[in-house]
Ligand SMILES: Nc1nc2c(c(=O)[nH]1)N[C@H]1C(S)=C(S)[C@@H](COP(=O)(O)O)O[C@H]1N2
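This document opens with one chain alone, in structure tokens, the form predicted alone.
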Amino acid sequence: MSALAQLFDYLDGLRQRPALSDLAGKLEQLDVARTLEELKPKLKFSDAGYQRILLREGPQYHVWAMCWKNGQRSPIHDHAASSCALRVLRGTATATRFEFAAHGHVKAVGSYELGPGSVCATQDSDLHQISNLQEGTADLVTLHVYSPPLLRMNTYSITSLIRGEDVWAEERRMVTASPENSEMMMQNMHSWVTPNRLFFVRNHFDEPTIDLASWRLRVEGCVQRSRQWTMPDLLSLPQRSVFATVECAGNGRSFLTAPMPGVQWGAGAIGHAEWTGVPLAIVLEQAGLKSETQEIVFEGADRGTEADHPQPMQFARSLTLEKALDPDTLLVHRMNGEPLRPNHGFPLRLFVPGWYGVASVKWLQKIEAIDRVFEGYYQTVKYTVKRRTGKGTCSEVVGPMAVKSEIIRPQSGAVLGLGTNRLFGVAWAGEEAVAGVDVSIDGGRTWSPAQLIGPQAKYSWNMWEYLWEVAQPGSYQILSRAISTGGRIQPIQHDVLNGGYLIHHSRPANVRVEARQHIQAERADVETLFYDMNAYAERILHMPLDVEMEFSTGEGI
């Protein structure tokens, strides 16, 4: 049983705000050691600031784990309309109480230390601050329960009456907490390669805990020589690195006109990284594939249930033999030169460049060669799209990524000026390189070529820009469309046969040009590109995201 099960059962049964003493009492009943061990795979620390990890939520509560590097602190804050009970799971926290001074500023009125296992509780308007002020470099982990859910915090400064301090620094934007599904916050993107800590996370089940010393990769099925591989065994083989963009098959689902079930991603379920590992073909060659082999099945260590599949199952997907033997299909153990993190599949994952993320099975523990077409849950019940044929429609497994572009600047609703306006965006094309991007400022009636920026390579995304000469004020609808080196062109509308997947149509940016201002943009330098990425981030940051996952046939990532 989960160490937090009793607490969650109590919180799920709440119908109104509980007494503060009851919240504190429930936290006191926790086994701290078991709780910390259970939460270990979810914990994350950042130099940018303390990190909040949403563990569970309900109509009457939020439960958060918070991770503090040495010297980090919260802002001075209250909890608006929520009660909060806190328990220290690791380290010693310093709690400082504040009051309002006569002139309106806040002032500290006392501090006290909360050692390992300590519990404290605060109500609504209590002004306080939590800090990690331990000796040396010790980290701090705390568990917080808020009821009702913490939707607003008032923050305060000891030097200003106008504004408080930044509330927290998050590395990714949480869409669902358990299992974690979080997307890249575009304002943190400063290069062609996405840093690991910013890279989106897509999990179907909770992360498994894996001990590297006992971990083995089993290769079996239609092979001459079944074998188990340790990590040192794999590291002794030839290594290969591939730069590639990977995207969730449902990225952008929240933009669809007709709501679709599944994780309601914004635009940030995408990233670009260097992936390093052993070519899968080498491992399969050493196993000796039998002539009857048709597909290769990959099984992860993550296990769980779905609403329409109540029996526990491992996450598994397959590849055709041709794709499995592609020299760029890798058994990856490093991402951007670093060992895989647990949320990205430590210690080993499959990586299929140019394909949607669902194909790149994480926490890989078994490879099986089979003599038939694999009919696993995640490529029959889910992760399929419809295709028209001469005999009607048929199902097709989601695989290669579609060609796609995004307009980063201007955002829809922007007011521009006469003269030269600079448009900026990104584009990618799955297994192919981006050949070009076209821009339309009249809703798709006419198109002009944009200029690509940076490296052009298969699997990888490209930045692009377009200088738009505007002579007349008025309302305009801007569209972009990417073209792959193979001639694929991004569509204007979403294909309804794709359902909640392959969302790659051109999304318009509706803008207004006014004569009262004049713009004279030039070709961009690096600083301007970063500014544009931040402008895009402001739009993404304010998008409402559905934090509940719904399940039905055909949806998923």
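In case it trips you up, residue 1 is the first one in the sequence shown, and so on. Just so we're clear, the structure is a prediction, and the values are computed from it rather than from any experiment.
The next section is about a form of this same protein that is not shown, the form predicted in complex with the ligand.
Q: Identify which of 253, 382, 87, 362 has a heavy atom within 4.5 Å of the ligand in the predicted bound form; exactly one of them does.
A: None of the other options qualify; the answer is 362.
Q: Identify, from the list 432, 295, 328, 302, the residue with a heavy atom within 4.5 Å of the ligand in the predicted bound form.
A: Exactly one residue meets the criterion: 302.
Q: Does any heavy atom of residue 106 come within 4.5 Å of a heavy atom of the ligand in the predicted bound form?
A: Contact with the ligand, no.
Q: According to a 4.5 angstroms non-hydrogen atom cut-off, is residue 439 in contact with the ligand in the predicted bound form?
A: Judged by the heavy-atom cut-off of 4.5 Å, residue 439 is well away from the ligand in the predicted bound form.
Q: State yes or no: in the predicted bound form, is some non-hydrogen atom of residue 203 no more than 4.5 angstroms from a non-hydrogen atom of the ligand?
A: Residue 203: yes, in contact with the ligand in the predicted bound form.
Q: Can you tell me whether residue 248 touches the ligand? I mean in the predicted bound form, with a 4.5 angstroms heavy atom cut-off.
A: So residue 248 counts as contacting the ligand.
Q: Which one, 441-449, 138-146, 120-128, 344-352, holds residues whose non-hydrogen atoms are within 4.5 Å of the ligand in the predicted bound form?
A: So the stretch in question is 344-352.
Q: So, 243, 267 and 461: all three within 4.5 Å of the ligand in the predicted bound form by heavy atoms, or not?
A: Not a single listed residue reaches the ligand in the predicted bound form, so no.
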